[in-house]
Every structure is written in C-alpha cells, then in structure tokens.
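For reference, the chain that follows is the form predicted alone, supplied as structure tokens.
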Amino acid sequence: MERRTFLKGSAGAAAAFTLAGCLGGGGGSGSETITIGSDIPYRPFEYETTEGELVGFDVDIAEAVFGELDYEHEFQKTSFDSIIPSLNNGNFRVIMSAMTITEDRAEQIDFSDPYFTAYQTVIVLNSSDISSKEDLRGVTVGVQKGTTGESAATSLKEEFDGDLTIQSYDQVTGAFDALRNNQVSAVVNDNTVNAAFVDQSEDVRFLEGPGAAEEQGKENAPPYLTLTVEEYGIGFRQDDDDLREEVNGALQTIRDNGTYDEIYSEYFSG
C-alpha cells in the first residue's frame, strides 16, 4: 500500500480518521494510519503538483519517519490558523506543517525534537524603493494568518511604534499575490518558502541587511535580512507521549543513517 496519501475533503478525512483507529496507541504493528494535519499549499514543505500529487520536504520527512515506525500515514488539508484547535479536537493525530516551536504553542500542544531551522525574512518587488529594514516603516506588509511571520511583523510594528500596517491572508499565496498586485509592499514569511517564490519570480527579491541570524551567531546564515531564528517541530496532543517519543527516535534514526540529509538536499541548497 502506498504510504503517502492525501485527504482533501474534511468529511472523507473524518471517516478515514475514525476507521483507521488514529487515536490508538502502540507502535510498529503497521495496523494504524497516522493522520497528519497540514496547511497546503506551502511550497517547498507541502504542495500539490499539477498532477495532484502531494509532495514537499515535510511530506518526504513524514514518509521516512512513519515508514521507519511501520505506520501508514495520510495528510489532511487544514487551515493553519486553526490547526492547533483541530489537533486537540481529534481531527487528526499530528501536525506536520512547517510549524515553529514557540512558548505559546507549547502551552497548547507538545512538540517533537526540532527537525528544521528557519528564519523569518522579507521579500519585496525588484522595482521597490525599499532597501533596508528601516524602509519598511510606514508601509503595508502581507503575512499568513496564525504564523510566526505574522508574529514577526507584529514585533516589527512595535519596533516602529505602530508605523506599519499588517495585512493577513488565509494562505501565504494570498500574500504573494497581493505583493505582485501592489496591494502590499512586502511579505514577511519563512526564508525557504519566500525563496521558492523568489526562485519562480523574476520581479521579486529578498530584502538584505544584518539581522537575527548574525546577532545569534548562526553559522551559514542566509545572505539577507533575518527577523527571527526559529526551529520547526512536529506537533502532538499533550496526552500522546508514546507516539512523540517514537517519532523522536525515528527522527534521530533518519539523521544517523543519512536519509534526512538526502531529503534536505533535494529541496534546499547549503
């Protein structure tokens, strides 16, 4: 059976969730299907090809982790701004959605060990006069609702004494469209997701300048402005310790055997 499946409809997802026994415990039996809540599209972490196949870094990491544990798994498309309540309501078993580990989120759910380092960054149009962080003062920036990009923009607004307008969108693609249509002057979002958009666009660039990565002494820091340094984790309900510990073990295994590096190099350079 193909391990990577994708539930597009919430009704179908709920049925599969119930029939597969996704709330059960145990491990390694191959009898359970782990349903994964994820905000899609979020290239390069989870997105659909033109043929409708679900692909991405998180998708391949899930394949490696749950394959190591001998669990079937399937992704369920979920809005990011409601993804934690949906997890806690039992709509799916775990979250894999490029989710940053934060203190606020850790009060609501538990996280796996970190599996990815990310940075909040800013992109603008090539034609823009914005050339530094200070130039963002007084403009409108686009973000995705419920993300740490939204939080980073809020912190920037506080730094600017309120002189920044934040426009939030249900999906990051809405923010990207708004940038191209001159409805916002910049987009604040994860570096790898911004990079995927920049790579596909001839009219968009990263905002450059020193930032959080340099301040924290991060090696191999991105060559553009970083507003934050963040770690991604897989999210679990707070009563699901057994599965979380199994996943942590599998994450360590795929790091040790080189699988993680192979997947990483497929999607990211450096």
Partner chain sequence: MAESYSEGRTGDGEYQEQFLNDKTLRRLGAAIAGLFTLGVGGFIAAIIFTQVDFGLLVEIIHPQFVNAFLRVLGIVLVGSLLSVTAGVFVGLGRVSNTKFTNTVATAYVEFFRGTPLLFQLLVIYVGIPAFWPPGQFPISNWAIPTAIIGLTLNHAAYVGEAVRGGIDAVPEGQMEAARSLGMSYVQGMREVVLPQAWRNALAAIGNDQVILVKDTSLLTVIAIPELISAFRNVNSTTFDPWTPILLVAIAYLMITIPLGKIVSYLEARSDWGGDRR
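All of these numbers come straight from a predicted model, not from anything done at the bench. Numbering follows the first chain given and starts at 1.
Below, we refer to the form predicted together with the partner chain, which is not included among the displayed structures.
Ok, E208, D242, D203, E214: which has a heavy atom sitting within 4.5 Å of the partner chain in the model of the complex? Only one option qualifies, and that one is D203.
Name the single residue among D104, D161, E134, D199 that comes within 4.5 Å of the partner chain in the model of the complex, judging by heavy atoms. Only one listed residue qualifies here, and that residue is D104.
4.5 Å heavy atom contact, E72 and the partner chain in the model of the complex: No, no contact at 4.5 Å.
Verify the contact flag for S168: yes if a non-hydrogen atom of it lies within 4.5 Å of a non-hydrogen atom of the partner chain in the model of the complex, no if not. Yes.
K145: heavy atom within 4.5 Å of the partner chain in the model of the complex? The answer is yes: K145 has a heavy atom within 4.5 Å of the partner chain.
A118 within 4.5 Å of the partner chain in the model of the complex, heavy atoms: Outside the cut-off, so no.
Is it the case in the model of the complex that I84, D177 and N181 each bring at least one heavy atom within 4.5 Å of the partner chain? The answer is yes; I84, D177 and N181 each reach the partner chain.
Counting any heavy atom within 4.5 Å as contact, can you tell me which stretch out of 90-98, 110-118, 168-176, 187-195 lines the partner chain in the model of the complex? Residues of 168-176 come within 4.5 Å of the partner.
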